[in-house]
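We begin with a single chain expressed as C-alpha cells, specifically the form predicted alone.
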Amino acid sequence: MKTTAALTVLALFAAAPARAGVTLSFACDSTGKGYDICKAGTDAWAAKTGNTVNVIQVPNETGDRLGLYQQQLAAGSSDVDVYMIDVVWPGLIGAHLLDLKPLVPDKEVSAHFPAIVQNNTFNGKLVGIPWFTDAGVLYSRSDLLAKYGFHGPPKTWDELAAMAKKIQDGERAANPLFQGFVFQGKNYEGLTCDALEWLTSFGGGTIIDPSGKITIKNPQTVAMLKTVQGWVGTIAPEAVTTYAEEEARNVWQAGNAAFMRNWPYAYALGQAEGSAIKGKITVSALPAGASGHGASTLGGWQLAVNAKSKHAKESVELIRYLTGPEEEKRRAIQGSFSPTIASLYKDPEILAATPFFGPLYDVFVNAVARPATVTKAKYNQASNAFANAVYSVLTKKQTPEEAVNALQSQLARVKGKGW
C-alpha cells in the first residue's frame, strides 16, 4: 500500500498536464534484433500519444554502456530520458534514477516477477520496471545431434566436450572452420556470467555469498577452471577469448558450431529467414558439472527514468507501455525476449514462436544472481576481478591455482572493511 506522501506525489504527477508533442531520448538496445524491436515499440507508443522517441544507438557490451551512463548521470545530464538498465545496475546508478514506486500502479508492478522487482528496489526506491529477463541457455544443432547418433543435448559438461569433439571432427572434413562449442570468452561482464554458471554447476559457490563472505577459494573452483581451460584450442577456437554474445552468435548462426552458450535472444535470429541453421536448433538448460546440476546466470533488463529528465511524466508513460503485457508478448514472439510477466509463459502464441519458454520456465525463475546486491557500489570491481582471473586461465597466462589465489587476495582488497 502506498503511503500518504507517495499518494500525494502520485496525485500531483497525475494532475500535471501532458505536454503535447514532446521528444524523448531513449538509450535502448543494440544487440541482435534489439534496436529494431525496441524502435518498433517506441514508434507504436509515439503514434498513440503524438510524442516522438529518439532511440539512441548504444554500445553492444554492457560494461561500455554502464561507463557511458555513469558519466552522463554523474554530470546531471538530462540528454537521455529513459535508460534500459542491466539487472546488476540498480545499486550502481540507482541514486540518479526516478523513484517509480508512487508513479506506476501497484497492479502493474506486481504482475512482474517479484524477485526482479525486489532487485530493482534501491534504498527503498523502485528505480526500474522489469522489461525482459534472461538466463544462459545451451543451443545445439539438432540435425547434427541426429547425424552423429546422439539422442538429445548433453546433460553434463563432460558429455558436451565428448559430443562437441565427435561432431567437430566429423564436420571439419567438409568445413575446416567448424567448431564444437562457442561461448562468451572475452574479458568483460559476459565472461562473469558464463563463468558463474560453470562455477555454480561445479559446486564452487557464487564468488561471494549473500552474507558478503568471499567463497571463491575452493577445490571446485580449481576443477572448473581446469575443465574450461581444456576447451580452448580443442572444442572451442583460440579466438573464443575474443567473443562476446554477437561474435559467438555469428559463428553459430553461420552453421560453424555444434553448441553455443548464449541468451534467449539468439533463438529468433537463428530461426529467421535466410539463417543457415533455421529449423535446426534445440535449446536446453546448460549442462551439469560435478555438483550434479546445471546453473544459469540471471540476466535481464529494466526500464528506468533519469531523475533529471525534463519530460518525466511522458517517460513514465512510455515505460508503462513498453513493460505492459501486450508489448512484452510482441517482443517474446518477434525477438524471443523472455517476459517478466509470469502469465505470458502460458500464452499459446508465445509458446508457438519460442517453444523452449515452457520447458525452461524454471530455468528463468531460478537463475543464479550475480553478487551485485551484496557488493553494492563495489560490484564492478568484484566482477572485473573475477572475469580477469578466469580470462587469465582461458588464455593460459595463469594456472587455475595461481588465478584462484590471486583472485581471493584481490577480492579481499576490494572488500576492504566491508561491501
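Residue positions are given as counts along the sequence shown, with the first one as 1. These numbers come from a predicted model, not from an experiment.
Form predicted together with a small molecule: not shown, discussed below.
Participant: Taking the small molecule as it sits in the predicted complex, is residue 270 near enough to touch it, meaning that at least one heavy atom pair lies within 4.5 angstroms?
Facilitator: Result no; residue 270 lies far from the small molecule in the predicted complex.
Participant: Can you work out whether residue 188 and the small molecule are in contact in the predicted complex, taking contact to mean some heavy atom pair no more than 4.5 Å apart?
Facilitator: Flag for residue 188 set to yes.
Participant: Is residue 42 close to the small molecule in the predicted complex, meaning a heavy atom pair under 4.5 Å apart or at it?
Facilitator: Outside the cut-off, so no.
Participant: Using heavy atoms and a 4.5 Å limit, would one call residue 193 a contact residue for the small molecule in the predicted complex?
Facilitator: Taking the distances in the predicted complex, the answer for residue 193 is yes, it comes within 4.5 Å of the small molecule.
Participant: Pick from 171, 197, 328, 245: which has a non-hydrogen atom within 4.5 Å of the small molecule in the predicted complex?
Facilitator: Only one listed residue qualifies here, and that residue is 245.
Participant: Of the options 98, 228, 87, 286, which one has a non-hydrogen atom that comes within 4.5 Å of the small molecule in the predicted complex?
Facilitator: Result of the distance check: 87.
Participant: Looking at the small molecule in the predicted complex, is some heavy atom of each of 113, 323 and 345 within 4.5 Å of it?
Facilitator: Not a single listed residue reaches the small molecule in the predicted complex, so no.
Participant: Which of these stretches, 201 to 209, 73 to 81, 150 to 158, 295 to 303, has heavy atoms within 4.5 Å of the small molecule in the predicted complex?
Facilitator: It is the stretch 295 to 303.
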